[in-house]
Every structure is written in C-alpha cells, then in structure tokens.
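Given next, in structure tokens, is a single chain: the form predicted alone.
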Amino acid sequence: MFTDIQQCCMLLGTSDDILILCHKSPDGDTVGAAFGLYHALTHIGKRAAVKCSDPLPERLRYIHEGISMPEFEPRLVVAVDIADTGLLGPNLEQYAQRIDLCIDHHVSNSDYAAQTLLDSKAAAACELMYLVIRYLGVPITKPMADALYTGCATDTGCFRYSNTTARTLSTAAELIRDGASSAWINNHLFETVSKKRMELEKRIMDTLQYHFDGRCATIVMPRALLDELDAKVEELEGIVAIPRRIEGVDIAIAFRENPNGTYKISVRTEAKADASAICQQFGGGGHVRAAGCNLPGPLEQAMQALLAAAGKELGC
C-alpha cells in the first residue's frame, strides 16, 4: 500500500527497535539512505540498526566506519532503495514477508511492503530520505549530510545524468550547507580509481562490440577475468557508463558473469530508449535511464535475448 510522507514519519516516530535494510550489492544510494535514516532515528532516541546481505563497500567506509550495530528483534522493518524483495539477497530473505515500510524512488517498485513511500521523480532514495528526515524534525548533522549527499551524487553520476532535477541540486546544496564534504566525496568517488580498477576497465573495454549501426554497445565481464584480478563487486560499479558515453550510442549493456554461470545485466540508456522497459521483460527493472536484470547463461543466449529487446526498443 502506498503512503505519504506524513504517514511514513508517523510510523517511524511511533515505533522502536527499527531495522533498516539495504539491497544486495550495495551502492552509495542504499547505504547513504540507510545510514542517514539510522542517524536520524538514533538522534531522537530510537534503537535502530542497518543490515545488508553483502559486505558494505570499502570505498563507502566513511559513512559506516566505527558504528557498532546493536542486536535486537525488530518491531519495525524498513527497506530503503529496494524495488523488490528479490534485491534483498540471501542473507536477508527472512525479512521478505515482514517489511513494514519501504522508502524508494524506483518506478518499478513492486509494492511489496505493508506501506511504501515512493517518489519516482526523486533522482535518489537519499533525495527522498532528506525530506523524510526534515519532516521528522531532526536537524541534519554532518554524518547524515555526508551519507545523503553520497546517495544523491552516486545515483546522478555526480549530477550529470538526466534524472538530476532542480530539487536534486537544491537538496545537494542544503546538504553542503549542513556540512557534507562535497569536494572530498566527489573526488573520492568520481576522480580517484585504484590501479586494479584501471586494469579492469582496460581489459573489459577489449570486449566492446557495437550493434544496430552503433546505436547499442555491449561489454562483457567474464568470470575468468574477474577471478584473475580478484575483482570485488564494488570495483565494477559504473563501468557500464563508459560505453554509454560513446557518440551515437543510445543503449549500453554490460554482462557480468556470476560464479554460478548466470549473468548480471546492467543497462544504461540515452533519451531514445527506456532501460527499465528492456529489463522488465526479464524480471528486472529500475529507472528509465538505468536498470538491471539477471539472465541464465550461456553468454550467447543472454546476449541474443538482450539484443532482441534492445533492438525492439530502438525500433530496429
């Protein structure tokens, strides 16, 4: 059932022992939203904790470092930036049928929670979470500001993507005013890469192929390569955006091979194509410009299915 911000905040304000869930393969938005809410709830005397099926990214350590989470039986379970229970991951599956509140911005949200606060116009869950925290009457502290700014920045490609709105920029400005270390965060997340990441980009771009007269570009992340370089999921984030920047490319698709031989698909699009519409055909979803899904192997079969959907979206 969809709800509004008033009812959402009433539920948070009258509850205690609140567990906040991130999605698997956590990114800056789910981690930022979770810890922004965690700090707000503890500020008003609530017992709260954050859980994720996967380890939190090392590069986001500045958000979660030094925080010790209490153990308790939750009375309220909140999912942030999670469009469907399939994104919880294996270590959080036990909560799939007991999520009381979802705070999300994905148009593909499946309305799985008892109550869902959804704003598909928000560029990031953190943009919506900022409004929630303000409505709760909680002052934005520096840890909150850093966490929420991170989500706004990562889900907009440092405010370069078309999902960036005037409200997104206004929210970022407010967070900077409240103490967010924007220059450091931008440099840390967008301007600094490890030698391993640079080697990954070089090797993965060797798989680049064009389709439909150059309007679609695909890259592949083979398991053998990922194992050879001992690549963590967080080190692969954003690679799909590289072929999307190529002139004339309307759809970029990345195929990342999982250890079990299936493929994690990431789709990024320009204005002439809908990434969510492509991925929804395979049980996935996301946003108009960024979406994902999972497909069984082999690669040739997965590639054929995705290209057929991409070609249809392009009218080819």
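Predicted, not measured: the structure shown is a model, and the values here were computed from it. One-based numbering along the sequence shown.
Keep in mind that the form predicted in complex with a further copy of the same chain is missing from the display, and what follows is about it.
Contact with a further copy of the same chain in the model of the complex holds for none of T3, E65 and V77, as no heavy atom of theirs lies within 4.5 Å. The stretch that touches a further copy of the same chain in the model of the complex, counting heavy atoms within 4.5 Å, is 243-251, out of 243-251, 25-33, 275-283, 260-268. Listed residues S170, N91, S120, T141 were compared with a further copy of the same chain in the model of the complex; S170 is the one with a heavy atom within 4.5 Å. Residue C158 is the only one of C158, V107, A114, L229 with a heavy atom lying within 4.5 Å of a further copy of the same chain in the model of the complex. The shortest heavy atom separation between E191 and a further copy of the same chain in the model of the complex is within 4.5 Å. Within this chain, A166 lines the site of a further copy of the same chain in the model of the complex, having a heavy atom no more than 4.5 Å away. In the model of the complex, D206 approaches a further copy of the same chain with a heavy atom inside 4.5 Å. A residue is said to contact a partner when one of its heavy atoms sits within 4.5 Å of a partner heavy atom; P222 fails this definition for a further copy of the same chain in the model of the complex, lying far away.
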